[in-house]
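Next comes just one chain, in structure tokens: the form predicted on its own.
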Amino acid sequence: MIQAIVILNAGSSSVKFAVFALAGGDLRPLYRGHFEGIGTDPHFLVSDADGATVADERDSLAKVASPEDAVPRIFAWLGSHSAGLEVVAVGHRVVHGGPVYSEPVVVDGPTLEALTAFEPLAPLHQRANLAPIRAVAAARPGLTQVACFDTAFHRTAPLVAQVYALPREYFDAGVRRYGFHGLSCEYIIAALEALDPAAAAGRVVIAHLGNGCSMAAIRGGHSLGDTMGFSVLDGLPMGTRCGQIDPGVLIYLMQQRGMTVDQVEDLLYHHSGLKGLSGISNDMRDLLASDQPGAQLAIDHFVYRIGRALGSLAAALGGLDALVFTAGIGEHAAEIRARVCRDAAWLGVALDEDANRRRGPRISEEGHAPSVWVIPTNEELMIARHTLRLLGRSSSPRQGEATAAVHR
């Protein structure tokens, strides 16, 4: 019987998952898949470790109306396609660990209750993240479940980087800069260590650029802060989220434009960012292919804000030894990487144009510091490693795994 770990990463209308077999203290990928369009037009897609599609279903999914509904379908598919596989634990991405959790935990009743109390801190994410935990607990009450937090990695940031200039009572109540995409950052540092240990031990800025975007300052493998703050709205402009905005704008929208809190929330989360500024799309691929002025403005603003954030984070680090691009835009948009690197020439960045077109992994000229890298992120593998550790099977990422992930 082969033992395995299932990783679940749930959103409001999607559930991504990955399955890893346990081989001693190692993890061997078996499947990766997702449910998308839950509640509207569900689509179930699964690929094997070689990337070959092994499931692609639509017609039989009418009853999958929520992430909770998706979980038993995933387990049912796994049971029917993987004879001899024993699931020994489930690892979950949970966006918010609040001020309490600074590392992954095994979920029990009191833990789930505490995580539920953090839903107001991440209203569009936390509830969706916790729903599969409840579904698994109901279906398989004896199965170990592990919660891994996007905020945990940034808990090493100094107090001065966590506070807002508000009365201390608000900080004590949980109003502070948390930072997000921590699982991605943690994975990237492990992967960079396999490629360039000296750079990974130095001053690193990670640019996680996808539909959600953030940049983090890392020194000696520990976070000093992140462009996201109290919520996932802060920092860089994103696919549909606004990024940094003057709080006075929100007051104006409510007082002068008569918008309700719910309307403002919908505007900032779903109709802003690249989509709002361009008037075309939240997808960088569409904007790069467009000749419309709005598309160009959105791209220009995106690159400009990345440059400003890079300068700020380099100042917090006292210099820069490495810059890493990751996530959908960071990994695939060579033009965006090139523009960011050219604008960062004042920091000593020297782009290797050919390497950038090849997607690296190193895209800076040899012999120049700081080094610049393109490293695909793998949050699911990071969650699996934490889950394995809490099962008492293993503790730290293996260099071979990290290197293989970089070159996949």
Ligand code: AMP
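From a predicted model like this one, the values you see are computed outputs, not experimental measurements. Don't overthink the numbering: it's just position in the shown sequence, from 1.
There is another form of the same protein, the form predicted together with this ligand; it is not shown, and what comes next is about it.
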Contact with this ligand in the predicted complex for residue 73, defined as at least one heavy atom pair within 4.5 Å: yes or no?
no
In the predicted complex, does residue 308 come within 4.5 Å of this ligand, counting heavy atoms only?
no
Please check if residue 288 has a heavy atom lying within 4.5 Å of any heavy atom of this ligand in the predicted complex.
yes
Does at least one non-hydrogen atom of residue 272 fall within 4.5 angstroms of this ligand in the predicted complex?
no
Heavy atom within 4.5 Å of this ligand in the predicted complex: which of 157, 327, 295, 242 fits that? Just give me the one.
327
Of the residues 266, 86, 300, 283, which one places a heavy atom within 4.5 Å of this ligand in the predicted complex?
283
Any idea which of 186-194, 226-234, 330-338, 317-325 reaches within 4.5 Å of this ligand in the predicted complex, heavy atoms considered?
330-338
